[in-house]
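Read the single chain below, which is given as structure tokens and is the form predicted alone.
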Amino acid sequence: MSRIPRISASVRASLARRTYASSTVQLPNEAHGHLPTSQSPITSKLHFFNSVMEEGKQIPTYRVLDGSGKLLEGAEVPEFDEALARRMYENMSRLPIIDNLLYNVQRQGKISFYMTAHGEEATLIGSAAALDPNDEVLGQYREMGVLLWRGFTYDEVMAQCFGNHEDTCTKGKQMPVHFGSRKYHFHPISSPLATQIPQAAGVGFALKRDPLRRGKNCAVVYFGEGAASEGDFHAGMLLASTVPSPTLFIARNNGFAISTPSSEQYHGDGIASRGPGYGIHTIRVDGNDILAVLSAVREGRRLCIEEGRGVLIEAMTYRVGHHSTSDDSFAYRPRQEVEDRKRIDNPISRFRLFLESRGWWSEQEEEKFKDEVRKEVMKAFKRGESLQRHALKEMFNDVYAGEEPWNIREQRQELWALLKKYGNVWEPWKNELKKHKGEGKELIEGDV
């Protein structure tokens, strides 16, 4: 039996680096006129093209700060002051503290699942700072930072992750990190990949139809480059560009779709190259540069609302954490590669160096702030862990809107019969019921 040859590391690196569009784009002259009802000039030259940039070049990446936190020559600094800069840095710094705690807590079996935002802090906080608080956000899995920016508390984070009775996001019915908040205009996260993308285009269209919000707000959807391989991505882009609807698409290109590197996900020039195909404004930005993200999202939002159609922003970053607590990323990438990215291109360190150069942050403030955050997060964790879950009857509420369907009534009746039979006598059930408010008595002693 013939063996499949192994691809060497050098060849893989070459494939990852290659420029996919190398042919020179030859723009035809207009001597032969245009196609009817079109601005496409007619040419007699046979020519194929595969690049959205002239001369086959790849799409550039917009950056303001270099890796050491210094302004690039000629860079336009977005409008911000010390107070905003400090708030952005503080929120960036909160994320890894919360993530490290809850990641370890999951390993102890106290919560079922967790997903970090390690390496993507600048993309999340920079974009959150550029949005209006009333813009409708549809997140994927890593957008807790957007909620924290808008005022979501540590207690609310813990309530959702533990599913206790203070969890107003999902009332304990969803996995951890599947946040949602009507107050902060953050639509509930769902597990299936990319479902939020066409939904966001629909939300944007609804905003456009609302006279009170038309021209004021947009829908904002976050997703990874892996989700952009789903059909839902194209459905959402098409809807936002043709209907159209003010929808801001923010693609977090963090290098991996679970275990699949981006070099194996697409042959073209990233996600940004797809924007022109739908006729929408597009930019690629350094996702580890919070000032570049702030500037790009501000301008993208302005275009989105003024023109009432979609805008695509591809934020180039790197996931230094595992995909989730169900993943071991060192099975498909070298540990040293991750450590190098943490050291060389750390978004938090980059912005901190910029702040220190302006006298807006110091080593003393760093230690004091992180110590305070750790204490506050640990306090919220202990409190959230100690609280009971929702009353047992809540599992049947808010499942469907309108009149309760027959299947929910049937399931409640079945649980009631089981609780009547075993709830007060079988020790495992008695212990489990104690975790709920009311210990299930509203069902055991009630008449369903």
Partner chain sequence: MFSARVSQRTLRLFKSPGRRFQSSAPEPPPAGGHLPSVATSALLRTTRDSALRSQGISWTDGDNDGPPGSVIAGRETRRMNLYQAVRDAMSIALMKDDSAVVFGEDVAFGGVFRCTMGLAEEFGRERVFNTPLTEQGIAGFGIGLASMGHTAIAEIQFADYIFPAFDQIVNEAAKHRFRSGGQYDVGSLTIRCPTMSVGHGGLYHSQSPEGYFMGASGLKIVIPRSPVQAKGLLLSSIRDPNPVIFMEPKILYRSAIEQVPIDDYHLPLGRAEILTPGSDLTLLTWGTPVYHCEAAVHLLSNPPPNLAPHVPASIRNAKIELIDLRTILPWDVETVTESVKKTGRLVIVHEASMTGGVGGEIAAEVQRRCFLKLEAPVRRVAGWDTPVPMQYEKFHIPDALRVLDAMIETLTY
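Owing to the predicted nature of the structure, the values given are computational and were not obtained by experimental measurement. Numbering follows the first chain given and starts at 1. What we label the rigid core is the largest C-alpha set whose atoms superpose within 1.5 Å from one form to the other.
One more form of this protein exists, namely the form predicted in complex with its partner chain; it is left out here, but the text below deals with it.
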Problem set entry | Partner-proximal stretch of 388-396, 57-65, 375-383, 39-47 relative to its partner chain in the predicted complex, 4.5 angstroms, heavy atom | 388-396
Seminar exercise, completed: None of 91, 346, 190, 325 but one has a heavy atom within 4.5 Å of its partner chain in the predicted complex; the exception is 190
Exercise. At 4.5 angstroms, heavy atoms only, are 97, 242 and 317 all close to its partner chain in the predicted complex?
Worked result: no
Problem set entry | Contact test in the predicted complex: residue 354 vs its partner chain, heavy atoms, 4.5 Å | no
Exercise. Is residue 210 close to its partner chain in the predicted complex, meaning a heavy atom pair under 4.5 Å apart or at it?
Worked result: no
For this session: Report yes if any heavy atom of residue 421 sits within 4.5 Å of a heavy atom of its partner chain in the predicted complex; otherwise report no.
Result: yes
Exercise. Contact between residue 226 and its partner chain in the predicted complex at 4.5 Å, heavy atoms?
Worked result: yes
Problem set entry | Interface residues of 406-430 toward its partner chain, as seen in the predicted complex [heavy atoms, 4.5 Å] | 407, 408, 411, 414, 415, 418, 419, 421, 422, 425, 426, 427, 429
Problem set entry | Shift of residue 400 between this form and the one not shown at or above 2 Å (CA, core fit) | yes
